[in-house]
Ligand code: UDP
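In structure tokens, one chain follows: the form predicted on its own.
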């Protein structure tokens, strides 16, 4: 341990919440394993360093910052086509990242390696080579979805991509159990750029010194075996990250946290439907109203996270009638934010209606909470198919079928009727997740291998 304290790991997350959170949890795992950690972060969407005093933070400023033509400073940047926005981030921060990495490595401390988000792709590879350190990558998606990304060239050759409406329900025989509509794509005005982003990401993973996954072996064994063969680099399955320690739960609660917990404490066990669609997805006003009335008509208590920007083009309060607001006061609670880990662990929560982002999927599995799956884009679609058809831990509620009657029917089937062995299967996955982090569990063994690997690549290419 003393030897490791003299060695620093530099980490470079993608500046979106669903990517930053697992990276900061991984940083905590490295820190508890004895390493010092520096987080390089873009000035776009920066974190609050005071929340993580154990790490060193360095903000990377891009050259156009503060100028009128800076696209990242414009309000419309957040609503930009996500594919185009990722390209913009890569272009904007490529040179500032290289300069920042050079400054950090030249600072006198021994730097073991760089760990960058896999979505940065090969962009970080040249910078790492230039300063003489190895680069590992963190995949913030599951292994099953990465298999689909790695298969993009094949999917194009077989004409599954671009997706055609007439083939949505057709099985993708090369990626069982996926259907065409489950493939990890997103709406974009630049389909060729999407292929470039994905190919760059996969090539960057293949050329790395190792890939770290927030997953566990029992959950994704077939996909991981396929990736082992495809990628030909060391992989480390050390998830679920958030279960390595209890320190990810806040020691102090805000007033809003107390209000939410107090409300949950008054509900019956396994009675509450928790609803959250993540930090990036947005929905039309019509969809929002169907969700609202479906929840209300189900007659089940619900906790619904409606963050700013969820409803496209309007504030959600403008969409709801006074009748609805008055009615939900007895059964439902709408909030802007919750600590999701605490909510899912609360005994009152009986189901999670989710967009099926990987973090949410894994957190729900770890607490044995059945899921109602409404995926929006990219890996969420793959996750949803695996949740329903492979892990049997949830039911599907597609956006195209999201009317209030169907919503009511699905909620009641999960909460009241408890599905067809759904709760039992979810509890089995909860136990498997717990076992993997035990002393001799698979994730614990992979963590030991990861620490050894980091030290070995440090000795092969050590920067002082």
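Note that the structure is predicted; figures quoted are calculated from it, not measured. Positions refer to the first chain, counted from 1.
Absent from the display: the form predicted together with this ligand. The rest refers to it.
Colleague: Partner absent here, but in the predicted bound form, which of 282-290, 114-122, 354-362, 260-268 has residues with a heavy atom within 4.5 Å of this ligand?
Modeller: Only one stretch qualifies here: 354-362.
Colleague: Sort through 210, 332, 294, 278 and report the residue having a heavy atom within 4.5 Å of this ligand in the predicted bound form.
Modeller: It is 278 that has a heavy atom within 4.5 Å of the partner.
Colleague: Which listed residue (338, 197, 349, 235) meets the criterion of a heavy atom within 4.5 Å of this ligand in the predicted bound form?
Modeller: It is 338 that has a heavy atom within 4.5 Å of the partner.
Colleague: Would residue 442 count as a contact of this ligand in the predicted bound form, using a 4.5 angstroms cut-off between non-hydrogen atoms?
Modeller: Because no heavy atom of residue 442 falls inside 4.5 Å of this ligand in the predicted bound form, the answer is no.
Colleague: Look up in the predicted bound form whether residue 455 has a non-hydrogen atom within 4.5 angstroms of this ligand, and give yes or no.
Modeller: Outside the cut-off, so no.
Colleague: Does this ligand come within 4.5 Å of any heavy atom of residue 17 in the predicted bound form?
Modeller: Yes, residue 17 sits close enough to this ligand in the predicted bound form that at least one of its heavy atoms falls within 4.5 Å.
Colleague: Against this ligand in the predicted bound form, would residue 305 count as a contact residue? Criterion: heavy atoms within 4.5 Å.
Modeller: Heavy-atom contact with this ligand at 4.5 Å: present for residue 305.
Colleague: Since the partner isn't included here, can you check whether this ligand sits close to all of 21, 274 and 380 in the predicted bound form (heavy atom within 4.5 Å for each)?
Modeller: Every residue of the spot touches this ligand in the predicted bound form.
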